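Starting off, we have a lone chain in the form predicted alone, written out as structure tokens.
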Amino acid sequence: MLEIGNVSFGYEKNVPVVRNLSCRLQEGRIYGLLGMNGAGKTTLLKLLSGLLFPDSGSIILDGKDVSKRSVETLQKIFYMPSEFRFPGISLEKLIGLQSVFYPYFSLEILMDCLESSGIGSEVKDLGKLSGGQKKKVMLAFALSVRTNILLMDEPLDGMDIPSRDIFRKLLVKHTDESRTVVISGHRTQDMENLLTDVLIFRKDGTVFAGCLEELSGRYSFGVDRTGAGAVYAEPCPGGFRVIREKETSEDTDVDLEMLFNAVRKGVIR
């Protein structure tokens, strides 16, 4: 479990990017970290990975402060940045250099991910791969190290539609109940039917944390003609898209885009 206790951080004094964040990220959950570009998603992921240090508050993993960056703690966390470079070496050499740091690295999972993504194992120069191919290799490595915490910053950017589908299938296939996954993004449609929970950046740097199952039990998401009496409504062809307090036991899927807009506008706190 990753425990975030009243964390604030800013690059400039008195200008917080993350403000007073407190929540627990549980094992076996996939969290969607949503926000506008520049809202603080990358900053929060770097805080969770120990690459940035909170101005106040703490981030604790299995009783240890992540900011202390102990080897034991770092072996439990893998951060996949949105932008990265591979050195001009072979895939085999990269595996030899990097895999030894992670006690539960699985070559079998790595090969399965590469094969499913259409990337051969005999890559001689990683630096010559296309941007999309590099992301597929990084995703394969991220899943194969089997860390307790997997943090992914905009992993679907630059991927075509078939590759996005493969990504979702591999993530589900190789994520078990011992792992906590946090995926940042600004395209909610990429994350539908994948997430168990959401973290949504508000305009003031605070973060809304919600379980999608609980939100589905509390609210209904749909379309009607007038939007009257809705918790949140926005116009659409033929009427309004709405969020209402649920009055029946009928299940409705959470509309991530509408939820995001309602949180951003302060309607759902």
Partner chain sequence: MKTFSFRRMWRFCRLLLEQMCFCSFGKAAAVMLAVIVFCCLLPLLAVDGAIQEKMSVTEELIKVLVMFILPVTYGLAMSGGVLVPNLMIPAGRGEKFAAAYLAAAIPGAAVAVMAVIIGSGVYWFGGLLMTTDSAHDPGTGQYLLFVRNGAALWRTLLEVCISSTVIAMILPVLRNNGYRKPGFWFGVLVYLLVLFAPASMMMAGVLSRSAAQVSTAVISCLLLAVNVWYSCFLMKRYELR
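Residue numbers count along the first chain shown, from 1. What you are looking at is a predicted structure, and each value in this text was computed from that prediction instead of being measured.
Keep in mind that the form predicted together with its partner chain is not shown, yet the notes after this line are about it.
Checked against its partner chain in the predicted complex, the candidates Ile119, Leu94, Ile109, Leu129 yield a single residue with a heavy atom inside 4.5 Å, and that residue is Leu94.
Put simply, of Ser163, Gln133, Gln75, Ser82 only one has a heavy atom within 4.5 Å of its partner chain in the predicted complex, and it is Gln75. Each of Phe9, Lys46 and Gln98 is positioned with at least one heavy atom within 4.5 Å of its partner chain in the predicted complex.
In short, of 47-55, 228-236, 23-31, 211-219 it is 47-55 that has heavy atoms within 4.5 Å of its partner chain in the predicted complex. In the predicted complex, none of the heavy atoms of Arg244 sits within 4.5 Å of a heavy atom of its partner chain. In the predicted complex, its partner chain sits within 4.5 Å of a heavy atom belonging to Ile89.
A residue is said to contact a partner when one of its heavy atoms sits within 4.5 Å of a partner heavy atom; Arg69 meets this definition for its partner chain in the predicted complex. Contact check for Tyr102: a non-hydrogen atom falls within 4.5 Å of its partner chain in the predicted complex.
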